[in-house]
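Have a look below at one chain only, the form predicted alone, in structure tokens format.
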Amino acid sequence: MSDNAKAAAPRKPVARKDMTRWQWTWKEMKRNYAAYLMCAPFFLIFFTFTVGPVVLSIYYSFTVFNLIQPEHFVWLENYMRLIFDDDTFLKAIENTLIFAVVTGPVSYLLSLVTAWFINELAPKIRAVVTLIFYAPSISGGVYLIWKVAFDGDEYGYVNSLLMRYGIETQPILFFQNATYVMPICIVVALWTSLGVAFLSFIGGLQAVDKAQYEAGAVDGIRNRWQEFWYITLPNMKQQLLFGAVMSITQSFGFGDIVTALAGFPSVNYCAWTIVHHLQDYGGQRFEVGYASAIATILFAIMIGSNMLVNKILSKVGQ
């Protein structure tokens, strides 16, 4: 065999006999070094800006640190203070869980059902309708629209309608009344929830092989619901899991919506969330250790939620 033929011939995978796991891994990495070099920039950025901050946050959560003086360990004192001495944090957990339980599943199902509906349309119409539904999630002015609609004087659209038809005689200060703040923020969150998960669902629906539906009809599937459950959803497990992760992340991080509509803090802390508590101690009081403990608890809640959803989605189509 010529030298050029030897160079072009693919390298054989390394046999794993008589090797430890680490030896085999190292030899495989050397054999596929070009692929690892191409992935290196992504992994460098990912570990620098994602994994690194998470690890540092967990580390600082066991310390007292104010960005100026050296940190010193207090171990579980920050967590004990959060759970037993910080009533505002407990209120933040309650509000966050309420918001997550309401908006997370609803936005997830809304994205899936809307994507399924749009997928039935003609291609040109589908593109236009997708843009219409997706636009609120990327529009920076959507909060302004809702703020104007619920403005606390007679020029606000909602107050204007209520007073015109005699339902109210005085304008309602929606964002200064604790009764209305959370429901309005939940509605706005649902309005903007058709984001990345929604697009992934549309992509997953379009990737299902149409021949499977014909085979399903032969095997006894008789209606669209059976098609959806036994054919469509099993073919979309990756998109379903991705959409679940994005919906959970979005539902736990709705602090920007409350801040834009009701201010920071909201009246009587009625919509105060874990994200707000984190921003308060980390961005304004500079109690980095305490803020890191808040971030670690939020991270643990989100990981637990993702694991639960992953377990539930694993049963889809079974």
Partner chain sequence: MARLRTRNHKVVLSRSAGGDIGISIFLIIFGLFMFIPMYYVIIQSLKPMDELWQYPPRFYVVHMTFQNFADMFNAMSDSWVPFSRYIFNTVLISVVGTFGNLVCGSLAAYTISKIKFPGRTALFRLVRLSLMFHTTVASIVNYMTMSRLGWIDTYLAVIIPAWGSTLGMFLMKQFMEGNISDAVLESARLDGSSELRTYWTIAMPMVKPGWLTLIVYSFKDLWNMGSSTYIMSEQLKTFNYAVQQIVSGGVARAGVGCAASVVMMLVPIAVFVFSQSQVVETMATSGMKD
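Everything numeric in this text was worked out from a predicted model, so none of it was measured. Rigid core here is just the name for the largest C-alpha set that superposes within 1.5 Å across the two forms. Residue numbers count along the first chain shown, from 1.
We do not show the form predicted in complex with the partner chain, though everything after this point is about it.
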Checklist entry - Quick one: in the model of the complex, does every one of 53, 134 and 303 get a heavy atom within 4.5 Å of the partner chain? => result yes
Checklist entry - Wondering, does residue 73 line up within 4.5 Å of the partner chain in the model of the complex on heavy atoms? => result no
Next on the checklist: Even though the partner isn't displayed, in the model of the complex is residue 25 close enough to the partner chain, meaning a heavy atom within 4.5 Å?
Outcome noted: yes
Checklist entry - Going by a heavy atom distance of 4.5 Å, is residue 130 a contact of the partner chain in the model of the complex? => result yes
Item to check | residue 41, heavy atom within 4.5 angstroms of the partner chain in the model of the complex | outcome: yes
Checklist entry - Out of 227, 168, 86, 77, which one falls within 4.5 Å of the partner chain in the model of the complex, going by heavy atoms? => result 227
Item to check | Sole residue of 93, 82, 118, 100 within 4.5 Å of the partner chain in the model of the complex, by heavy atom | outcome: 118
Checklist entry - Mind listing which residues of 202-236 have a heavy atom within 4.5 Å of the partner chain in the model of the complex? => result 202, 203, 204, 206, 207, 213, 214, 217, 218, 220, 222, 223, 224, 225, 227
Next on the checklist: Taking the rigid core as the reference frame, tell me whether residue 280 has a CA displacement of 2 angstroms or more between the shown form and the other one.
Outcome noted: no
Next on the checklist: Aligned on the rigid core, do the two forms place the Cα of residue 299 2 Å or more apart, comparing between the shown form and the other one?
Outcome noted: no
Checklist entry - C-alpha of residue 32: shift of 2 angstroms or more between the shown form and the other one, rigid core aligned? => result yes
